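Take a look at this one chain, the form predicted alone, written out in structure tokens.
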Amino acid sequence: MTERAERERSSYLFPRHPREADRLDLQHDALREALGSNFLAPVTEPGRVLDVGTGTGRWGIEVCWEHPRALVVGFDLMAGPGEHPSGYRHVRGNVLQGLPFLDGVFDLVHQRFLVSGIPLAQWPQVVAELVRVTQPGGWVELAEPMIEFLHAGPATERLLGIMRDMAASRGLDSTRVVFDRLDDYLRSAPLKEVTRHEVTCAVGEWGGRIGSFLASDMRALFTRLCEVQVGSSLSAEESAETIRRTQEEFEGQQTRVAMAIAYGRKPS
């Protein structure tokens, strides 16, 4: 199956774009810097790691650098990175159709930022699949943003509204259900020792490096969404002006976004 056909079979919210990889890497850089680490689960020497929805593979590649003895597998709809460490592998597939791995293979399974790709009704099913491929005593870690901004201005709210409408039309979470229930999904799997963390990050130059990363990420994200909407709810001129105003609002209102990280251990 071609990449285009695979993408069309998915419910992923954002259109494919030549610079989407840059946006995903900005997300990665922002969250890693906010957390001070690539993952929070108490795994000191991972042996086999799975990164579901790996995107550009940046997270998995960095885990390879940090843990040279680990085998890290990136799993995604799209093809993997052309250059990578010897300990990195890439497997193409759609998590909504199941994972092509045996039971109990990985000691750390990581998934993040898939609120824009997993229909709300399928979250329990997907988490159960992550747990299935985790070895007894291993860990599953999830990370997802709140689909709301704190101190958002009218231009920002307008574009967020468009994004929420598009998400709802595809059966994706259009409120904050996934953000609120992230740890509950793990408990219901059922995992033990479930822990939840929340971080609130600045969006805008006023917030330093993290804020700058996220402002650039949001500008690119809104641009992708507006490209889809041109000719329907927004003209090209309205889109450009609204996106410009969001950047001013980020600074003037000191906009923030919250992210949840939850991890739990599979019973031995």
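Here the structure is a predicted model, which means the values were calculated and not measured. From 1 onward, residues are counted along the sequence shown.
Separately, the form predicted together with a small molecule exists; it is not shown, and the next lines address it.
- The partner is absent here; in the predicted bound form, the one residue of Gln135, Thr195, Asn94, Ser188 having a heavy atom within 4.5 Å of the small molecule is Asn94.
- Checked against the small molecule in the predicted bound form, the candidates Pro124, Pro81, Gly104, Gly117 yield a single residue with a heavy atom inside 4.5 Å, and that residue is Gly117.
- The candidate stretches are 176 to 184, 68 to 76, 148 to 156, 163 to 171, and the one lying within 4.5 Å of the small molecule in the predicted bound form by heavy atoms is 68 to 76.
- Taking the partner from the other structure, the small molecule in the predicted bound form has a heavy atom within 4.5 Å of a heavy atom of Leu24.
- Residue contact check for Gly55: one or more of its heavy atoms lie within 4.5 Å of the small molecule in the predicted bound form.
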